[in-house]
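This document opens with one chain alone, in structure tokens, the form predicted alone.
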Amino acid sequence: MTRILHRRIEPALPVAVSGEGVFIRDSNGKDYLDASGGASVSCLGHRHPVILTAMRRQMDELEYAHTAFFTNDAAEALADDLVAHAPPGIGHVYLVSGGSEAIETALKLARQYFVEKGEPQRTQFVSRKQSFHGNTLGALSLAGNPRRRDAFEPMLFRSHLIDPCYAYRHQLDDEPDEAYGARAAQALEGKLIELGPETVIAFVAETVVGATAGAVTAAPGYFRAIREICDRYGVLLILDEVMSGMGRTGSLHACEQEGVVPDLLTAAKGLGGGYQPIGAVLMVDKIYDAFLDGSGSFRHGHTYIGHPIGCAAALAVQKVIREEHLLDNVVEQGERLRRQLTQRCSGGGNIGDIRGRGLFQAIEIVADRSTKKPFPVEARMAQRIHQAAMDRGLCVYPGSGTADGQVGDHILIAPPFIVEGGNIEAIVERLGDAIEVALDCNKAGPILAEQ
């Protein structure tokens, strides 16, 4: 019996007792190939000796100091490192404890920025349908996924949603990629004009969509058009790279591949690789300067921001990624993963789309490939595939509501950056088997309850 209120009360979860490299072992001695890094977190796998050594060294020196009273060397060193490798124009960092905190912080930074500038009438945010930015109330207010919001709707502030840049579902059959990207971006301009651009604080988007739609990349030119629209109307651009950033797509920041620099950039999961809870908001100089020239303070804070052990772990993670040239491996193994997924899975009548970038790939599962019709909610297809994969010693990340926030299923694959060719083969083999088993079970009738 557990005293924990788990995410789902039933069924009982296996107990993780140890990890090594890309594997996790449970209390029964079963090994699982961690093909999603948890939730795209464990970018270096488990028990990396360099990271553990850095954490022990920091624990021997200083475990905690409140940031209202002190700064600390680990936090300063991490901030210096992040800025040194950030897109041009980003000069400062705010360190937090995770992704939702990073988004909350970015929203408050953006709002206070305009207050400091004398534009307090800017109170509104625009985000996208089929997005997810975190589970705290402010972050959830931006979410374009109704199933995550419904129970808490009365508690959320109102944000304004536009369609995502989601080619599989929204691009016209005869529409060139660039034309679709331009059309999708124009939805933002239309929304700003509708609201009154002088009332809007920021547009918030995931550079590569993660949990709610499954590794959806933008059409060519989309984010460059978005950047130009934001600049034209004086609206900030906040890019959420909590899941897709810090090397996951093959460049340190996913926005580098889009050719844009946001005003605020959030990072978390891969920043510390799961070794400690940590996140960050990177900001361009004009944001910092508005505070410096204005009130001189940011009216925000959390107890564990800039935590010395978390910062030491994150700095070590980032150094290992560079010193071991792991971004090269992300590109190489990402191409291998995509190629093998396509070879194994694309011929099936229920594989709608295989997409992604680097080691951030997804498969969208449909009831009918020719029409793109999703499975009904009660089929629980993504969860079935996840469970079948777990039975085979494979961890993948299931997502539902993919198509429109209510129906649709995908499986997200985001293995550690240290993954090797043999691991990729095992991932594809086990996942392919799990998909086949789940589809065969569905033919026998939908499963209405958790297994």
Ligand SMILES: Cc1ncc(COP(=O)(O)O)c(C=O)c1O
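The numbering used is simple: start at 1 and walk along the sequence shown. The structure presented is a predicted model; accordingly, all values stated were derived computationally and were not measured.
Beyond what is shown, the protein has a form predicted together with the ligand; the following relates to that form.
- Within 4.5 Å of some heavy atom of the ligand in the predicted bound form lies at least one heavy atom of Ser100.
- The ligand is not drawn, but in the predicted bound form it has no heavy atom within 4.5 Å of Glu364.
- Interface residue remark: Phe132 is counted as part of the site for the ligand in the predicted bound form, having a heavy atom within 4.5 Å.
- Contact annotation: Asp263 falls outside 4.5 Å of the ligand in the predicted bound form, judged by heavy atom distances.
- Note on the partner interface in the predicted bound form: the residue among Ala314, Ala213, Leu359, Val242 having a heavy atom within 4.5 angstroms of the ligand is Val242.
- Only one of Arg248, Arg128, Lys269, His307 comes within 4.5 Å of the ligand in the predicted bound form through a heavy atom, and that residue is Lys269.
- Residue heavy atoms within 4.5 Å of the ligand in the predicted bound form occur in exactly one stretch of 132-140, 223-231, 290-298, 74-82, and that stretch is 132-140.
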